[in-house]
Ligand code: AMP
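Only one chain is shown below, in structure tokens, and it's the form predicted alone.
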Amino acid sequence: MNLAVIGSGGREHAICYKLKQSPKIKNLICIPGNAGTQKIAINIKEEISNFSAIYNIIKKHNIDLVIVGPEQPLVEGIVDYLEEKKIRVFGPDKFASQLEGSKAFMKNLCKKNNIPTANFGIFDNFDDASSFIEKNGSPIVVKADGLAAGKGVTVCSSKPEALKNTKQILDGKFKSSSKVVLEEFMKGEELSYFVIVDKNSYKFFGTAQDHKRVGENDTGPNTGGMGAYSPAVLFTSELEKKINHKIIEPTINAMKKLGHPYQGFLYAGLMIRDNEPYLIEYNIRMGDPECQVLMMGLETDLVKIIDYATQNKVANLKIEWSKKKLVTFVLCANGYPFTYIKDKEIKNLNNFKPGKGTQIFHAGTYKKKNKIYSNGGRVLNITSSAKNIDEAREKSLACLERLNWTYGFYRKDIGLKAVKNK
């Protein structure tokens, strides 16, 4: 089969890495890709929002199946566009993509279908929003309704901070958002839970623990993700049953009733409190950097999985996972998540050998005259597998030390919680 992956981050490199292992693969292209995908696929530079140009590339390269990595083109309707052109594509349609594209849509769906989530209010004017804040106090979570590249959620510890963030969103800080979602702050343990869904069924697709804050011990502002480990320590078969029964199945059934059955990866960001799951948010694609650890742990042919999912045969799949523990550290450019440095060479990366059981997944990189440079806030993902989380951590940290990229930084405490709780 000829496959195309759309996207340019660490998630897309990890997906390409796994696809490339399949004997079913004939040709693999990545639009636009990065310096890492360039080693295993044909990179084709194009804007991922330019659907007609992407369609022309797909036709030119006789692509049998398209996998959409990031959320933006899904929310903009790339699946609807390609399906109208009779192209087989993996991912939810524009309507179903509102599960991530609109926090208000997701919260209202929870309310109508009794899906456990934090108490909330949705507002399009400041006076009503400020009344809600005054009534509910702090801490309180302020969320932009639309996509905001991981920067639209703030946990506010005071009323003035909440009012300031609310006003910024309603004044147009994010082009995607004319509404603000105000939400009760919930204490507990976070869990990333993944399923793969077709129009008839779904299958478990792994768990992970993400690390959102930029600083060690979960301090500083939220980011797109500083690292992850898998499987999540607090995950049990009892908890899995509750998540499926109370959250995943009601969501899938609700989307069917709305006339837009969900298809694709569905990622539930959960808060676990007193062994009960609450839905924080949905993502309509694989997480990044969670995808990196999951692709390292997946033992079933990913081409077969995606092929079956696009033919509504997920129920026939048996998805196998490694028994090893996995961890990924994100190497970021100095300044991230604010203004960060760009176009800095990552020396010796072309010939760098990360060591057995370790993979380097590229994110914000490009290649020029046989040298690799940074061009994103999150630059590389150092992902390792081992029999225990301590060993996996040591492998990734040793690799980062040898890389010694002076223009970057990383959190050294990724996975430490799993070590302490094992």
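Only a predicted model underlies this, so the values are computations on that prediction, with no experimental measurement involved. A residue's number is simply how far along the shown sequence it sits, counting from 1.
Keep in mind that the form predicted in complex with the named molecule is not shown, yet the notes after this line are about it.
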Are all three residues 185, 271 and 280 in contact with the named molecule in the model of the complex, where contact means a non-hydrogen atom within 4.5 Å?
yes
Do residue 108 and the named molecule come within 4.5 Å of each other in the model of the complex, heavy atoms counted?
no
Decide whether residue 232 counts as a contact residue for the named molecule in the model of the complex under a heavy atom distance cut-off of 4.5 Å.
no
In the model of the complex, residue 130 touching the named molecule (heavy atom, 4.5 Å)
no
Are any of the heavy atoms in residue 176 no more than 4.5 Å from a heavy atom of the named molecule in the model of the complex?
no
Exactly one listed stretch (141 to 149, 83 to 91, 246 to 254, 340 to 348) reaches within 4.5 angstroms of the named molecule in the model of the complex by non-hydrogen atoms, and it is 141 to 149
Counting any non-hydrogen atom inside 4.5 Å, which residue from 136, 334, 200, 222 sits next to the named molecule in the model of the complex?
222
Counting any non-hydrogen atom inside 4.5 Å, which residue from 170, 214, 155, 317 sits next to the named molecule in the model of the complex?
155
Residues in 103 to 142 with any heavy atom within 4.5 Å of the named molecule in the model of the complex:
103, 118, 141
